[in-house]
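A single chain comes next, written as structure tokens; it is the form predicted alone.
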């Protein structure tokens, strides 16, 4: 089955610009919705699933800034790209500090638009939803800093946040994908004296290598083809606040030297610039890879690692904090009842037992997706076992091994049984990783913590056909 097209909403009061931009995006393979002002755009956002909003800054009735604020309230993971004229670049920079993903200036270059759109959609796909974010309202008894859980590992993280949040110290957050690393980074920012300043997030894995420097440090007009105006980088935008570098291990080695200097000296130059800029930035970094192994392989600088790893925070996987599954499920019941306008009151004990036994390779993000799907398709006021996905129902129990033959030696039978069970387990884990990454072998290998080549060999051994491995899907 072909993947669903991404849905992009273009908002501008100029009909010609809407038409031109919509036509380009449609040629690039996206489904495009258009609106002539923020009021129409908000109606579309409430009635349709939208993956990206591209909006003009200045519009009648509801302008781009107000649309940005209300769009984030509807979906706090929705990337919003602002369109601005040369004279309003300062307003666009303010929009970035408010939460916009990026901005493009008129007249814009098609390649620039294409690159920003792909980067925004890739960032949304890689980040997913922050599963442990608190809903609005009174805090829950089992939650602190917007993080849900009272397991020993989470209690230890609460203590670290309390100690280091209001300091300039660099923090390195590690943990598997889907454990809530961005949530911890936001907790550090929001509980510091920088809370009223920008929190700027960069997903390093979503940025092409050749754009990394300009993304972090900005560029001057004419620095390269398509640089029709100067543009500040994320370090400048975060000045006075917090810069969160997610997937820090994806930064190219050649860029790590400049990053190290920026951290040590709090200064840098834009691409194509000669003026040295100074900033006051608190850095928080995150990774789901083993940086010490990356250092041994020459893919990550040791001096940068020690500069980042001043205060390490390791987020436990969900299978390490099983006691937190029940309060998380309760949280998601409330969240998705409100979002989906449902009235599911509880989870049946049989379904709860399955959720408790499942290993959750995708961690809290996977639990959130499972609960959203179960509530969406439930026709009752309780989630039953049959409402859960097949893999949750099957993988909650150990897979049955092949029966021993009566005329087979017991020791030989045991070896065969173990080998067959391991093969089935490997196959299942690989298939699930591919499903979670949309068939992307590179991302699946990262999730499984093996090399891409190793995964390809294992897929061949298990007769699994390699899927389309596009690292830059539309």
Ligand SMILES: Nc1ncnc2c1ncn2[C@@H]1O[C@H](COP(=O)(O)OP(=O)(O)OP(=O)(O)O)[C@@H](O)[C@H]1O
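Owing to the predicted nature of the structure, the values given are computational and were not obtained by experimental measurement. Residue numbers count along the first chain shown, from 1.
Keep in mind the form predicted in complex with this ligand is missing from the figure; the text below concerns it.
Chemist: With the partner left out here, if you bring back this ligand in the predicted bound form, are 110, 231 and 271 all within 4.5 Å of it by some heavy atom?
Modeler: No, the candidate spot makes no contact with this ligand.
Chemist: By the heavy atom within 4.5 Å rule, which residue out of 387, 368, 102, 213 makes contact with this ligand in the predicted bound form?
Modeler: After the contact test, the surviving option is 368.
Chemist: Just to confirm, with a 4.5 Å cut-off on non-hydrogen atoms, which of 82, 374, 238, 148 contacts this ligand in the predicted bound form?
Modeler: In short, 148.
Chemist: Hey, in the predicted bound form, does residue 262 get a heavy atom within 4.5 angstroms of this ligand?
Modeler: Taking the distances in the predicted bound form, the answer for residue 262 is no, it never comes within 4.5 Å of this ligand.
Chemist: Answer yes if any heavy atom of residue 305 is within 4.5 Å of a heavy atom of this ligand in the predicted bound form; otherwise answer no.
Modeler: So residue 305 does not count as contacting this ligand.
Chemist: Does this ligand get within 4.5 angstroms of any non-hydrogen atom of residue 119 in the predicted bound form?
Modeler: Heavy-atom contact with this ligand at 4.5 Å: absent for residue 119.
Chemist: Are any of the heavy atoms in residue 183 no more than 4.5 Å from a heavy atom of this ligand in the predicted bound form?
Modeler: Yes - in the predicted bound form, heavy atoms of residue 183 and this ligand come within 4.5 Å of each other.
Chemist: Can you tell me which of 160-168, 296-304, 348-356, 173-181 lies within 4.5 Å of this ligand in the predicted bound form, counting heavy atoms only?
Modeler: Result of the contact check: 173-181.
Chemist: Does anything in 302-337 come within 4.5 Å of this ligand in the predicted bound form by heavy atoms, and if so which residues, in order?
Modeler: Stretch hits, in order: 321, 328, 331, 332.
Chemist: Since the Cα-Cα distance for residue 76 and residue 336 shifts by 3 angstroms or more in the predicted bound form, is it a contraction (closer) or an expansion (farther)?
Modeler: The answer is closer, because the C-alphas of residue 76 and residue 336 approach each other in the predicted bound form by 3 Å or more.
Chemist: By 3 Å or more, the Cα spacing of residue 246 and residue 76 differs in the predicted bound form; is it closer or farther than in this view?
Modeler: Between the C-alphas of residue 76 and residue 246, the gap widens in the predicted bound form (3 Å or more compared with this form).
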